[in-house]
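Just one chain is shown here, as structure tokens, and it is the form predicted alone.
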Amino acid sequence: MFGVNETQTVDYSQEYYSLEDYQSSTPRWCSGCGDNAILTAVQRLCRDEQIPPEKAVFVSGIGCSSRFPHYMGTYGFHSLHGRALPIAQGVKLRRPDLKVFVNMGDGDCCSIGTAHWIHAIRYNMNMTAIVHDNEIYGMTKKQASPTTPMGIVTNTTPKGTYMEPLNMLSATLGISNVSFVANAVEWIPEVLYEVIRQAYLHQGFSFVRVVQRCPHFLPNIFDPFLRNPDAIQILTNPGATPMSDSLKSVYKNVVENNPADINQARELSMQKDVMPVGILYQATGVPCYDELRRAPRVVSMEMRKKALEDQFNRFAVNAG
């Protein structure tokens, strides 16, 4: 707030986008669904970074989380189940000037979309991918997903799931050319926003897994982390915004990690009793497929004239 004797100068020659400019229709997610927090964080990011709405594209697959483009006041593509990533890659190749975001669910990304997920990491194209992980298929009414914990009773596992869940963080960290991997939880909005902000600013493919509650089908699955703040391990690094005093008072399990150390990142991702929250791994200078395919081509006027003459010389006019 400005004091009595302070003034603020506003440059009205520059267009300013407010939070409302990134809002579209009213979300239809259940009350208490973690998708709402992710939407709020992304809309706030767009406002703070002043991304022109016509320069942003949100691509999704199928599932509760994939309604995301409907609620953004930007361009969007609600695609097929598991196919969000290849469509987003096509958008980025054709329109490199656009800011491309991808929103997927845990089943959308890690089941039918697994092959696309693996190769998207390897291609390292400039986009931000957010996986909404509620550890269940929500829209299709409580089937086990690849990330559902062992022993959970679902419509497809009436006697409980038999296998250990897929660890998408450690799996992503094992793919060649990986450049950015982060983990967040939707009930800590300060860290959620900071993780998505750093993912957006990263040059390359940013993979962000967000743990989010499904209040309808698995309302208590994350209670051990909600009720015990020490089970949340906040990762800090020199490039992150400092934690607020209020956050420090609640979450005391803080580790200053080195995001450039992939071995440390893999160790953090494999922990059982605590959940790491923050940037696990970040590498700079990793080749980006979209930039490799956009190699500059210098075409002079002489080259253009020669190409035309070569084509004209292929034809002859018969005057007889």
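Residue numbers here begin at 1 and follow the sequence given. Predicted model, so just to flag it, every value in this text is computed and none were measured.
The form predicted together with a small molecule is left out here; the points below concern that form.
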Since the chain is shown here on its own, which stretch among 194-202, 165-173, 103-111, 117-125 would lie within 4.5 Å of the small molecule in the model of the complex, judged by heavy atoms?
103-111
Can any non-hydrogen atom of residue 88 be found within 4.5 angstroms of the small molecule in the model of the complex?
no
Does the small molecule come within 4.5 Å of any heavy atom of residue 81 in the model of the complex?
yes
Applying a 4.5 Å heavy atom distance criterion, does residue 42 contact the small molecule in the model of the complex?
no
Contact label in the model of the complex: residue 228 to the small molecule, heavy atom within 4.5 Å
no
What is the one choice in 236, 161, 140, 155 with a heavy atom within 4.5 Å of the small molecule in the model of the complex?
140
Among the candidate residues 38, 46, 64, 265, which is the single one with a non-hydrogen atom no more than 4.5 Å from the small molecule in the model of the complex?
64
